[in-house]
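Below, in structure tokens: the form predicted on its own, a single chain.
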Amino acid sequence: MQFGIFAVSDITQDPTTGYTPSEAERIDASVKIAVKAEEVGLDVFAMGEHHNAPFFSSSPVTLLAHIAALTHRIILSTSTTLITTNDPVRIAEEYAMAQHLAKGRLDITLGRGNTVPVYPWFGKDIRQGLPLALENYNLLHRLWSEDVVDWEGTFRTPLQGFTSTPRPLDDVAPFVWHGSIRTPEIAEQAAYYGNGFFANNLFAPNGHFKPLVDFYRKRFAHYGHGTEEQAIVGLGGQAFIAHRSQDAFDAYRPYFNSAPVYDHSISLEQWAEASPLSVGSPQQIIDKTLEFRDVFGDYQRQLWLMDHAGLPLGMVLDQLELLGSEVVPVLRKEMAARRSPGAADAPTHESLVRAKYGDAEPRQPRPNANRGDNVTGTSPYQDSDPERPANYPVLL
């Protein structure tokens, strides 16, 4: 099982000091947090995508590629890549490039986001948000799995004989998680392709997302990818840790009180009791996370939100120390002891390569010689199947 953190890239005033960091400070802090996550033994660092203030992560793939150069082991992911407003051709190319730079330590979580104005900013209609998400991933899947793609859909210009470059590392696409908090059609698409399903498990009552996760599991089995317990599930959550429970509540209270994402008609203690928000000692965080497993069944990835609401960098780094030293090692043992023998392992690039090639060497695409125009003639790769020639447009 994989344990890590995810972030939304908010730039928020610290309510205890009145200080608001600059964009440059928050970007630098996020890099330090990702490096620290690896140092303390976490498995995943994920960053979201936003195109409006007070957020900075308009290009998570750029940030993740930079972090890849500073780390060696941790898996880098997005907590949301907007499949609705990004061109799937650019997603295919940019994330394949980042996957190469990260030597396979990169996957992607697709979502629709929650910022209404982003749609017209990118020339899209929010009323078509769900059809956009479904169609765009259908195309992205083909761009990563087929060397040459002919495509005609509803929301973008057709493609004829198009090859997305570079091809994914080892000809194995980054693992795809589909994120949703309310839409069964997204869970259905994740199940259809045998991809992962991620529920952010935030700002809602305990167990709120279980029906959607259960639906995904059933459809995963329906499409023949394995049993329901072999479906690939990721969960979010939120944690604030101190050695003593009361110290954790006292330190987090001003950030809770000032954050608009919470229901302030109830207290922090009531919110922590009724929702996936975990505040307290390391043992309390452990117990709360084990309850996730009791509710949702065995799952493959647990990510916590720990960098938001104006928490200063030093406090976040201290949180990561506690998470990595006192919480995650115990959770690894406890989760393994309770795990069903039939549950799937968490996906990695190495496991996907083994599943595709077994003991054989993975494919390493090598282009044919440059013909000057690069878009006409036979397949662009030396190892293409002669029985399946590429279909290229005729240039007049």
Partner chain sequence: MSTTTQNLTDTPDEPRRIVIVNAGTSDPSSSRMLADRIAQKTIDQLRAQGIPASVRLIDLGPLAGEIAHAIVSGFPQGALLDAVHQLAAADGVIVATPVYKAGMSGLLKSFVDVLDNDLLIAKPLVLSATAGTARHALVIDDQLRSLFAFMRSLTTPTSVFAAPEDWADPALLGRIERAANELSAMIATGISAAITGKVWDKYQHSFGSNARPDGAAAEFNFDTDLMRLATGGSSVAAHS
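Positions refer to the first chain, counted from 1. Since we're looking at a predicted model, the values are computed, not measured.
Note that the form predicted together with the partner chain isn't included here; everything after this is about it.
Trainee: Identify, from the list 189, 319, 238, 78, the residue with a heavy atom within 4.5 Å of the partner chain in the predicted bound form.
Mentor: Among 189, 319, 238, 78, a heavy atom within 4.5 Å of the partner chain in the predicted bound form occurs only for 189.
Trainee: With the partner chain left out of view, choose which of 131, 226, 207, 104 has a non-hydrogen atom within 4.5 angstroms of it in the predicted bound form.
Mentor: Checking each option against the partner chain in the predicted bound form, the one that comes within 4.5 Å is 131.
Trainee: Residues in which of 67 to 75, 311 to 319, 247 to 255, 133 to 141 have heavy atoms within 4.5 Å of the partner chain in the predicted bound form?
Mentor: Contact criterion met by 133 to 141 only.
Trainee: Is residue 119 a contact residue for the partner chain in the predicted bound form, using a 4.5 Å heavy atom cut-off?
Mentor: Close contact is absent here: in the predicted bound form, residue 119 is far from the partner chain, nothing within 4.5 Å, heavy atoms only.
Trainee: Look up in the predicted bound form whether residue 243 has a non-hydrogen atom within 4.5 angstroms of the partner chain, and give yes or no.
Mentor: No.
Trainee: Indicate whether the partner chain has at least one heavy atom within 4.5 Å of a heavy atom of residue 90 in the predicted bound form.
Mentor: No, residue 90 sits far enough from the partner chain in the predicted bound form that none of its heavy atoms falls within 4.5 Å.
Trainee: Is there a heavy atom of residue 153 no more than 4.5 Å from a heavy atom of the partner chain in the predicted bound form?
Mentor: Judged by the heavy-atom cut-off of 4.5 Å, residue 153 is in contact with the partner chain in the predicted bound form.
Trainee: 185, 203 and 274 - do all three of these have some heavy atom no more than 4.5 Å from the partner chain in the predicted bound form?
Mentor: Per the other structure, all of 185, 203 and 274 touch the partner chain.
Trainee: For 198 to 222: residues with a non-hydrogen atom within 4.5 angstroms of the partner chain in the predicted bound form?
Mentor: Counting only heavy atoms within 4.5 Å of the partner chain in the predicted bound form, the contacting residues of 198 to 222 are 203, 204, 205, 208, 211, 212, 215, 218, 219.
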